[in-house]
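Presented below, as structure tokens, is a lone chain in the form predicted on its own.
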Amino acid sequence: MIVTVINQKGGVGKTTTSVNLAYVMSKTKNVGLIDLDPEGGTTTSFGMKREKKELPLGGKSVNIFNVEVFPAHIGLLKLELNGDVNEIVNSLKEISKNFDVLVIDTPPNLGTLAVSAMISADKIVSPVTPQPLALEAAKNLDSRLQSLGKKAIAYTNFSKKSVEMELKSIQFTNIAIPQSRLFIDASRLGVPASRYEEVRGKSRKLVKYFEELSKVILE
């Protein structure tokens, strides 16, 4: 199964979603996580640096916390500008054959890489924040999904109250994950927040949220 995490609006927790979903799912599944964002947010979230050389998709991976992480590299920018959608889709599907679940983190746009990731996806997840620009972005994503014949699941990020919207291709869940200092601390340390929470051993609040989200996705 390919799970693509997408939102063309930056700052809504797309990378946070990808990283923590992959980590939580890895407890029961063989999980791969590919960073398709040239900026490499998912890569740094697992304590790695973006590769300074051009690699083919799936050309390098590192197993961290039982997640097979495919880091970002400079070749992604070339694919974003000049890549062939069909070739990228075929590559992603080929990579996914080695896993129960392949989670894909995408750039904050609806360009070549993001569209390829949506086309290849079995499930699409979109984090949304309760802000005017983010809600407008959800409407734009809905239009793009309709043109591709795809549907997505949305959940509310960085808020205690879930967003409710009626869109044709995006189903909003009642899942809302509030802001937490753990996200900031974990990002600085280069570990998933749900992993950091476990190590601290004080609670399992974040883990429970992402377990709930993963159940909805895997239904």
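One rule holds for the numbers: they count along the sequence shown, beginning at 1. Small disclaimer: the values here were computed from a predicted structure and weren't measured.
If you look for the form predicted in complex with a small molecule, you will not find it shown, but the lines that follow are about it.
- Here the chain stands by itself, but in the predicted bound form one stretch of 46-54, 64-72, 164-172, 182-190, 182-190, has heavy atoms within 4.5 Å of the small molecule.
- Scanning 36, 154, 31, 177 against the small molecule in the predicted bound form with a 4.5 Å heavy atom cut-off leaves one residue, 177.
- Within this chain, residue 195 is remote from the site of the small molecule in the predicted bound form, having no heavy atom within 4.5 Å.
- Using a 4.5 angstroms limit between non-hydrogen atoms, residue 25 is distant from the small molecule in the predicted bound form.
- At the 4.5 Å threshold, heavy atoms of residue 21 stay clear of the small molecule in the predicted bound form, well away from it.
- Taking non-hydrogen atoms only, residue 130 never approaches the small molecule to within 4.5 angstroms in the predicted bound form.
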